[in-house]
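Only one chain comes next, encoded as structure tokens, the form predicted alone.
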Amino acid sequence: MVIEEENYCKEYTGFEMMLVSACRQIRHDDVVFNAFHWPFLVVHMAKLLRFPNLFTVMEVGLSQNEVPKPDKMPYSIVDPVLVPNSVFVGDSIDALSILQRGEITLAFLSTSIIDKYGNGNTTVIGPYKKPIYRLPGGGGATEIAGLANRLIWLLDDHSKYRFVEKLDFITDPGYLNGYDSRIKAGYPLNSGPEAIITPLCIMRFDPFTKEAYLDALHPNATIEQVKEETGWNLKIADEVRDIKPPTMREIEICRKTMKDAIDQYYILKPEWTKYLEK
């Protein structure tokens, strides 16, 4: 791939593109629920790149409105380095009460498996009582998915194994069975998934059916590739947008964050990190 603009990176991985695309979705006035795993990397990047005063809430009850000092990636949401940098130190009940009041404008979550209505499964594969595999569970993700105003899913692998038409078990509610089923189940009117971001693309949700559709492609991905790797008959936007590659500054911060994450015992696949030492 040849990129003419000098300020765009020419070599990057799909995982890096996923993190950068997710970071671009954050607005300066968002109140972000900062969940662990890939969301933690995205929010950290956003603070270093654009919004040092981004207000974030963590499940353990910490609230922050500035870049942590030092600005190195904490090893988890319970890293003691986060406490002196917090404007409020409470507990999980305090954090979840902010969700319940509707004050979280944006949340990122990662999941093991997702379906066409944006429901997530991190509980079991197969029947619940006799599963083929038992997964780690959702923690507070169920509450986050149910109550955040905007939810963005991050999936590091776009394949039919991860994108299925119907889940064996719903851990985290998306639009349930589509249409108005989420509202009928009692979830807030102004809540629900906004997008799914993967190494290949960004999916969004039809405002009426609530089914995910292909909205935008990352560089080097094709519509045919995305359809082939999705486990249902994926609908396509009338005009699929092309997403710009990472800028040099975005990729610099992305790789700094990834390197810090590895130093703090995050497990990143070799194919995601091949450009870190360049």
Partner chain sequence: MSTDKISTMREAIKKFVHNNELVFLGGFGNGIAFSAAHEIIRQDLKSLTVCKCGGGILFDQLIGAGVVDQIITSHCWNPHGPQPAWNLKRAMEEGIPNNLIYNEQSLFMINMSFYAGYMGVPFMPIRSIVGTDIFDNPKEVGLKAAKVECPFTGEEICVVPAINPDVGIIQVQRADIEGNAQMWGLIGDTKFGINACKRIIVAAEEIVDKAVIMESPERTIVSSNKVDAVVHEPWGGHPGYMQGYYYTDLEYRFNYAKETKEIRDWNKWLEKWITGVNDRQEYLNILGEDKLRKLKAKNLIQGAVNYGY
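Residue numbers count along the first chain shown, from 1. A quick note: this is a predicted structure, and the numbers were derived from the prediction, not measured.
There is another form of the same protein, the form predicted in complex with the partner chain; it is not shown, and what comes next is about it.
- Contact check for Gln100, Pro131 and Ile170: all three have a heavy atom within 4.5 Å of the partner chain in the predicted complex.
- At a distance threshold of 4.5 angstroms between non-hydrogen atoms, Leu234 is out of contact with the partner chain in the predicted complex.
- In the predicted complex, the partner chain lies within 4.5 Å of some heavy atom of Thr123.
- Within this chain, Lys72 lines the site of the partner chain in the predicted complex, having a heavy atom no more than 4.5 Å away.
- Although the partner is absent here, Glu59 lies within 4.5 Å of the partner chain in the predicted complex, judged by heavy atoms.
- With the partner left out here, the partner chain still marks one of 244-252, 27-35, 40-48, 226-234 in the predicted complex; by a 4.5 Å heavy atom cut-off that stretch is 27-35.
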